[in-house]
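Given next, in structure tokens, is a single chain: the form predicted on its own.
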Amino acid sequence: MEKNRFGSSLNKQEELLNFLKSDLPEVFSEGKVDCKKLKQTLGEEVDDGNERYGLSWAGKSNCFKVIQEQTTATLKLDKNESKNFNETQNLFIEGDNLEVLKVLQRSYYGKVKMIYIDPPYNTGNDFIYNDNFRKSKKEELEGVGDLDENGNLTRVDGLSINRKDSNGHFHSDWLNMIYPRLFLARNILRQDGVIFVSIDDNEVHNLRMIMNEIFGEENFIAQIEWQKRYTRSNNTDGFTSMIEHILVYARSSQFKPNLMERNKEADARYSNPDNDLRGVWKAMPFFSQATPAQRPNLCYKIVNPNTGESIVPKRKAWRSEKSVFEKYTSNNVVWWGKDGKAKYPSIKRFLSEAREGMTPINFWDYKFAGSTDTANFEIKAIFEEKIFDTPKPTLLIKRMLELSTNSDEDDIILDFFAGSGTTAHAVMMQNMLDEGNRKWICVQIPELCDENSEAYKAGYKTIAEIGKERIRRAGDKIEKDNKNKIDLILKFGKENLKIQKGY
């Protein structure tokens, strides 16, 4: 990042004011918005009461000043660290993500399809960002070892440890860090875009509140529980943490999640015990969720043709009217069990009639989305040692990509807490698997590595250096694997590729 000689970042506040002046000039008085006139114009849509549901914390009002403050920074190309500089459309940006998000507003406003971030969880030992763009490098260096106004030790990389035991504004500091970033991230999303945010128990309640405020409660999609571990640890004093949360919010109602690919487990529920020529099927109970009192028209008598027994529903009504059941009978899709003596009827549902995919669920186990062990294995496979403590598995990001992006579109994926570069790695892998054309943007502050860490001993001074090197190495491996994949297509044909290579 460097200073922009040609101007400052996009000023959305100025654009909004110009819009109001153009469409609602009557709400202005002496060049400023008159709140009383605005209320008169909008009528009942304005609530100026003091009591309303929401989350408040120390410093929240300053968040909007931080959001509105423009930056004069710009992006500086570094060809020496780039790979395939003239062809690539991917971006790795080294710098403070708040400042970067402001710079990206002008070129990427409303253009990003998916955002994934894995921010600091505020455990009491991790870092948060000091959002002061006006400090010079000399001032930052002079501030090493000093305490900020909240008692946090500052560092030259723009980070400070937010300690729970010494900071009275422990949660507020974290909220003041994350709120402006999420606010600006929303602007960058497409109308059919979506954001995934990883978080643990420490701040999930506060994060969901502020995301409701920024994205709108109506745009909440899911809170996914990811099974990051599959064995308990008896070294902990309390509960072993087996899951992390992933909050999912859409930019608007235009976002529709893709169906997940059908798996063997789902298809295994279908069989063909009566050798029906129409193929495998599964039995669906003929009951509905309604009670007989709620739906008396669905409480007619059914006779089992094999036993002659008459059945009238008592606790739950039938799922269809009598004429529909008679149609099922004539089409031979009513099932009375293997011996024909079942107490209640079921209806055959054939696999050929099922949707091509499956609706996503909000629990992702380690077999479906990987685990921390998977992630550590991936890091070791690339660097031959564990040089990053908290990576995410590429399979986890792959599932998000499958849900929210398409291989035949030039979707842009953004990660502004890039860490070790898992998101970039996952996007490149997914492009190889489905021949997609997705592009990624990763942002990482040059956070200093601990001098006693394996990363520092291996020659990596910052987390950003780790991320860049991982992307280079992963890209080389994927390029090699992709060449092998193409060779196999030419030799065996695409339809046999899955068997030959396991893709």
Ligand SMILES: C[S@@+](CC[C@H](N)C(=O)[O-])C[C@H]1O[C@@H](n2cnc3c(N)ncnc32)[C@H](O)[C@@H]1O
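So that there is no doubt, residue numbering starts at 1 and follows the sequence shown. None of the values given here were measured: they were computed from a predicted structure.
We do not show the form predicted in complex with the ligand, though everything after this point is about it.
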In the predicted bound form, is there a heavy atom of the ligand that lies within 4.5 Å of any heavy atom of R181, even though the partner is absent here?
yes
Close approach of P313 to the ligand in the predicted bound form, 4.5 Å, heavy atom
no
Looking in the predicted bound form, any heavy atom of T390 within 4.5 Å of the ligand?
yes
Hey, in the predicted bound form, does M114 get a heavy atom within 4.5 angstroms of the ligand?
no
Answer range among 114 to 122, 276 to 284, 222 to 230, 319 to 327 for contact with the ligand, defined in the predicted bound form as heavy atoms within 4.5 Å:
114 to 122
Only hit among V66, A474, I463, V27 for heavy atom within 4.5 Å of the ligand in the predicted bound form is I463
The ligand in the predicted bound form has a heavy atom of only one listed residue within 4.5 Å, and of F255, W174, W335, F417 that residue is F417
